[in-house]
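This document starts with one chain, in the form predicted alone, laid out as structure tokens.
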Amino acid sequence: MPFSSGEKWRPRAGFFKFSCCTGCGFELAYFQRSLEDTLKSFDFAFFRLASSSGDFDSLLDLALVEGTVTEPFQAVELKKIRKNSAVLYAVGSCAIAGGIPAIKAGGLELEIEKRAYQKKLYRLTSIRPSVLGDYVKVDGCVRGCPPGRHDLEEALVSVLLDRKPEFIEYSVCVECKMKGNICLLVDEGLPCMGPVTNAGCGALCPSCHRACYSCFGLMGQANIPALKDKFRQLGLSGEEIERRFTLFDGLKLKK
């Protein structure tokens, strides 16, 4: 996906990352072949997975940002990206709700550093993890770990058409019903997070007879207490229930 510089005007875009596995960037750059034509409609000024060059300080029509803020310099960079961008979307669970980096938010930062880095070979500058919205205005959230095709396409097309994006805002249970899946929670007693998890994955795990583990994050107006009660009835311990609800949404639930 080389950066383009044709004469025809195209919206300028940038893809940026902070603390994460880079899976969202890989998903967009290498695994969403169906979006190639859409991506060609943009002039990517910065996207390290696509090119080692690029202008970090470029003025952008669209900024896509993945990852959790866990270091001071990242907060500074994020504010610069926001200042230079007309539209900024948080991409992936880490940017939206903390994701895996938020696991450390449950303890004291210095204690966690000592456990993780028993031999300090360099000066650490780690800070408590924060989602993008804690530092800047976010115009929309492209959910998932990694994101699904629909919301990625909406993020891009909404800028091309200058309209508000229509991101998916219903639960995984809806996708299960659309696929004709049996309910793993009710019919088989599996601790499925589908009733409270935002859709967009196509009910991938339940379709493979695996309980949803909420990698797309908690949906709005989710009835969390009800599902926790159901999990207790299934025999899950309080600790195990808490893990399931904070695996990808640690920062959202710890506020």
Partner chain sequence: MKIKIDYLGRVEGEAGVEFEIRGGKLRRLRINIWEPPRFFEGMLVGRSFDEVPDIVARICGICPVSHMVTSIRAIEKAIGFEPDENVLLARKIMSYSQIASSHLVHLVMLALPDYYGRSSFMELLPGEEALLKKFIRLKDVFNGITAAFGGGRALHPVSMVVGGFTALPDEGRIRGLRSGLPAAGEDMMDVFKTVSALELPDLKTDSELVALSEEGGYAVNKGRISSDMGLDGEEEDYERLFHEKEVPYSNAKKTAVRGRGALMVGALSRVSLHPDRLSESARKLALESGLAGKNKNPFYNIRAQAVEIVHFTEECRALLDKVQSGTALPKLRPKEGEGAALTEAPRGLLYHRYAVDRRGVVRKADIVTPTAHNYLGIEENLRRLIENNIDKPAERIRLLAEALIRAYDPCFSCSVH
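Residue numbers count along the first chain shown, from 1. None of the values given here were measured: they were computed from a predicted structure.
Same protein, other form: the form predicted together with its partner chain, not shown, and the subject of what follows.
Visitor: Since only the chain is shown here, I'm wondering whether residue 59 would be in contact with its partner chain in the model of the complex (any heavy atom pair within 4.5 Å).
Guide: It does not: once its partner chain is placed as it appears in the model of the complex, residue 59 has no heavy atom within 4.5 Å of it.
Visitor: Please run the contact check for residue 137 against its partner chain in the model of the complex: heavy atoms, 4.5 angstroms, yes or no?
Guide: Heavy-atom contact with its partner chain at 4.5 Å: absent for residue 137.
Visitor: Please tell me whether any heavy atom belonging to residue 84 falls inside 4.5 Å of a heavy atom of its partner chain, as the geometry stands in the model of the complex.
Guide: Outside the cut-off, so no.
Visitor: Please determine whether residue 74 contacts its partner chain in the model of the complex, using a 4.5 Å cut-off between heavy atoms.
Guide: Yes, residue 74 sits close enough to its partner chain in the model of the complex that at least one of its heavy atoms falls within 4.5 Å.
Visitor: Going by heavy atoms, what in 136 to 165 lies within 4.5 angstroms of its partner chain in the model of the complex?
Guide: The stretch touches the partner through 145, 146.
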